[in-house]
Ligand SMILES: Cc1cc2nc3c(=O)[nH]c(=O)nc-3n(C[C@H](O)[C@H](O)[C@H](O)COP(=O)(O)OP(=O)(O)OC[C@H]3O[C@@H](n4cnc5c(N)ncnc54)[C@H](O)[C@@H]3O)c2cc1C
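Let's start with one chain on its own, the form predicted on its own, as structure tokens.
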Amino acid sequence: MSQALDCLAADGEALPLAAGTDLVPVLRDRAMDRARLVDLHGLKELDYIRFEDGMLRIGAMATHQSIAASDKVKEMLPALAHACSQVGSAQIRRRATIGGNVCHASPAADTLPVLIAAEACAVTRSKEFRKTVLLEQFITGVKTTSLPQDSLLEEIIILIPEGGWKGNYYRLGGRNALTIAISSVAVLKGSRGIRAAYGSMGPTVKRIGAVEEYLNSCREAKRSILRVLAEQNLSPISDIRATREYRLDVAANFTWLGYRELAE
């Protein structure tokens, strides 16, 4: 890892390359003119899944396949195992990393709703500093993060409540596989109540405090109220894949479904 950080610090134009499942297509399509890459594929020290001091720690180079298959993840945050199982194809899941998915920062990324609902933190490392920041603050816009050019994402850490995080991840695409989410929602429950985070519904994945307050205070959630709260707090677009109104309907329905499944 120190060699990779040295390379990034020495060349202000260099980019880290994890698996390349996001970056290589961008370079192929000439959507980015920087071609100096620091290959991280050999960084086995960042390929791990551990539970220490009440926290689930996932190295940035852990693949979606290893997370989806991890007994620790299935026990403590099963929604993340499910989300990772929805990423791309089997070939992509065996190569693509959670660090690459997070740093690509697509609002449609499958792991982000679960991680943000679970209040995950990103741990970054440069030659001089090691910093920890809430993932919701780490992602600053569409495919942009606060990660400095001379730094790497080291790991994702999630505080696990007693009994683990309950709940699930829900997504809708244009087909069953190899498709970008039209709308996605993670609805989780921990020791401090229900959390909900939304993907493909604005420039970043975000939690909605008003939805969480409603779900934690009502006796029985109503889809009509969840639909109003979604419209008030989310900003989906209309495009070739779905209209804004359809995305809001789907998000409200997924939230209601997650609430009902937690109540069972």
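Numbering starts at 1 and follows the sequence shown. From a predicted model like this one, the values you see are computed outputs, not experimental measurements.
Below, we turn to the form predicted in complex with the ligand, even though it does not appear here.
Interface residue remark: residue 21 is counted as part of the site for the ligand in the model of the complex, having a heavy atom within 4.5 Å. The shortest heavy atom separation between residue 60 and the ligand in the model of the complex is within 4.5 Å.
Residue contact check for residue 183: none of its heavy atoms lie within 4.5 Å of the ligand in the model of the complex.
None of the heavy atoms of residue 49 is located within 4.5 Å of the ligand in the model of the complex. Contact annotation for the candidate site: 104, 108 and 153 all lie close to the ligand in the model of the complex (heavy atom within 4.5 Å). Partner proximity in the model of the complex, defined as non-hydrogen atoms within 4.5 angstroms of the ligand, places exactly one of 128-136, 190-198, 144-152, 158-166 at the interface: 144-152. For the residues 68, 40, 221, 234, the 4.5 Å heavy atom test against the ligand in the model of the complex is passed only by 40. Of all the residues from 74-105, those having a non-hydrogen atom no more than 4.5 Å from the ligand in the model of the complex are 86, 87, 88, 92, 96, 97, 99, 100, 101, 103, 104.
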